[in-house]
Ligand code: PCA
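The data below hold one chain only, encoded as structure tokens and taken in the form predicted alone.
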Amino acid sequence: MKRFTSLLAATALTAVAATGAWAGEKWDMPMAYSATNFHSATGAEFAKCVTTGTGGDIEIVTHPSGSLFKGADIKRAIQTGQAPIGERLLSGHQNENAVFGFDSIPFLATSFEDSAKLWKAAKPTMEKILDEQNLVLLYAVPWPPQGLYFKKEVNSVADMKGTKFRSYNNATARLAELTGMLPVTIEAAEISQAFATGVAESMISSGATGYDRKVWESLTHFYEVDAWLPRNYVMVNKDVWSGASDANKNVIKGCAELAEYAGNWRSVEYTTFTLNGLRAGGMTVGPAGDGLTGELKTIGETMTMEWLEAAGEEGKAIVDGYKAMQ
């Protein structure tokens, strides 16, 4: 991370020399996750890079924890110009277009290496779809592999039946339905309260989310099933982007590349760190048993077929492109 900070400084100083320094416009950047989350930390450094790099011509101010707009409202706010820039979970838009859920296909890409290949296959399509929605993609960062959280020992799908399950996109809601759990939509900023009050009893998420929200205060088990690696992405309103100077666009692109690189490695490093943190909090952490894993993969096959049907030719092209890299 020291290297990332040095790179940011070098980028900023070079850009200041090119653009000069003066007070400029303010870009408020809504984010759904807490300030301590690694995505938010990366976004904050990206914001500083742009602010310094443009010599203050563009000042980006981050608003984590859904404080400016709740997670589900962020994309719409940027599309309509209520905010110029922001971060959101890509698969959170799957209800408007199934293709957004490419990174939540169960057991398709279960490692960081495979996630990078899947993103390479999907990125052109994502850029095209977002462009049609008045948005410009700046960068995207994967979460660590998703595992299952419970407040009890679980050895089979039958053990999950009737459990109140926190969902955050179409894939998680469908997983709940297929396992007999009860899906409850809960934003990331509300996780701790939801578990503490019994509104939710389980979720599928990364070790990072559980660690950040101290879920060991309410939950007892984390099963490493490596179901998928969803991505957060940073987008900017296309009209706002068009109004930026070429020099400032180049600064933003450079800062975005650095943020994507740093965010990816943060995610990799955070995986082991946060799982150890869950253990230190008193949780039982380890791989799911063979029986449960087999049942989940069968459910995953059903979800994959459903997604391919819903996503059509664009979805098939992404999966085919990814498999061609294997």
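We number the residues from 1 along the sequence you see. What you see is a predicted model; the values in this text were computed from it and never measured.
Note that the form predicted together with the named molecule isn't included here; everything after this is about it.
The named molecule: the contacting residue among Ser115, Ser202, Thr209, Gln94 in the model of the complex [heavy atom, 4.5 Å]
If I apply the 4.5 Å criterion carefully, the residue I get is Thr209.
Could you check which residue among Tyr139, Phe195, Phe102, Tyr168 gets a heavy atom within 4.5 Å of the named molecule in the model of the complex?
It is Tyr168.
For Pro106, is any heavy atom within 4.5 Å of the named molecule in the model of the complex, or not?
Contact check for Pro106: no, nothing within 4.5 Å of the named molecule in the model of the complex.
In the model of the complex, does Trp143 have a heavy atom within 4.5 Å of the named molecule?
Output for Trp143 is yes: heavy atoms within 4.5 Å of the named molecule.
is_contact(Tyr33, the named molecule) in the model of the complex, heavy atom dist at most 4.5 Å:
Close contact exists here: in the model of the complex, Tyr33 approaches the named molecule to within 4.5 Å, heavy atoms only.
Please tell me whether any heavy atom belonging to Val251 falls inside 4.5 Å of a heavy atom of the named molecule, as the geometry stands in the model of the complex.
No, Val251 sits far enough from the named molecule in the model of the complex that none of its heavy atoms falls within 4.5 Å.
For the chain shown here without its partner, which stretch in 243 to 251, 73 to 81, 160 to 168, 122 to 130 has non-hydrogen atoms within 4.5 angstroms of the named molecule in the model of the complex?
Selected range: 160 to 168.
Contact at Leu89, Ala188 and Pro230 by the named molecule in the model of the complex, all three, heavy atom at most 4.5 Å
Verified in the model of the complex; spot residues all in contact, yes.
Those residues of 95 to 118 which, in the model of the complex, come within 4.5 Å of the named molecule by heavy atom:
Stretch hits: zero.
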